[in-house]
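Shown next as structure tokens: one chain only, the form predicted alone.
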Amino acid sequence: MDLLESLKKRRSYKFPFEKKQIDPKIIEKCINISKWAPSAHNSQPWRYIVLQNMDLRTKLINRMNNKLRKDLRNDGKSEEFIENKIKTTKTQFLQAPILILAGIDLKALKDYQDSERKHNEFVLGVLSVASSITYLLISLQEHGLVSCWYSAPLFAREIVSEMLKLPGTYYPLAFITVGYPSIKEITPPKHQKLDTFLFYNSNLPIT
């Protein structure tokens, strides 16, 4: 597929997957492509963990959902809203044939003495991992797979780190669900017009 067409056709897939096994070599190949993404200082701080143990995955998602339930109650959400959200989360993360955790290895980042540059370096790490994930999503699509990028691990970092026994320098950022689609055509979301997000310094909006 032409690259530009491929970029426009990619969708965040949040529907049931086909019950079809995925060759692990395809996942490895796609993750290997993700290393070609640009990264600050060429640090390549991304780390990917494929969650193979289904029992562990289930326990992890259940604990994450317990935290989600508390957070949503604190937000004043109704019990009906909360239970629907929990049900959706279980479906997304437990029924996906492949679930990948993406994060930063903080050891790969430059170490600065002052807090401002430490923070900026961390942001650069996040941007680098985001760049790598984008390459991964496109690569998966080129192999006939669909995927979705979720931020759930950001909101349960301690739980994720503890249950997966991650090294202390690993900072969880995202889940990527992967599988073969059971729904082939997905209506694309509405996108902003170019003039809503492209500006020149001579015509910046005044606030």
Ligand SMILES: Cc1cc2nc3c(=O)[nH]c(=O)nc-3n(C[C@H](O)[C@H](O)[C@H](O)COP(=O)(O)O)c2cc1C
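In this text, residue numbers run from 1 along the sequence as written. Just so we're clear, the structure is a prediction, and the values are computed from it rather than from any experiment.
Form predicted together with the ligand: not shown, discussed below.
Enquirer: Would residue 151 count as touching the ligand in the predicted complex under a 4.5 Å heavy atom rule?
Expert: Residue 151 belongs to the contact set for the ligand.
Enquirer: Only one of 142-150, 39-47, 58-66, 162-170 has heavy atoms within 4.5 Å of the ligand in the predicted complex; I'd like to know which.
Expert: Looking at the other structure, the answer is 142-150.
Enquirer: Residue by residue through 5-22, which ones have a non-hydrogen atom no more than 4.5 angstroms from the ligand in the predicted complex?
Expert: Read in sequence order, the residues that approach the ligand (within 4.5 Å, in the predicted complex) are 10, 11, 12, 14.
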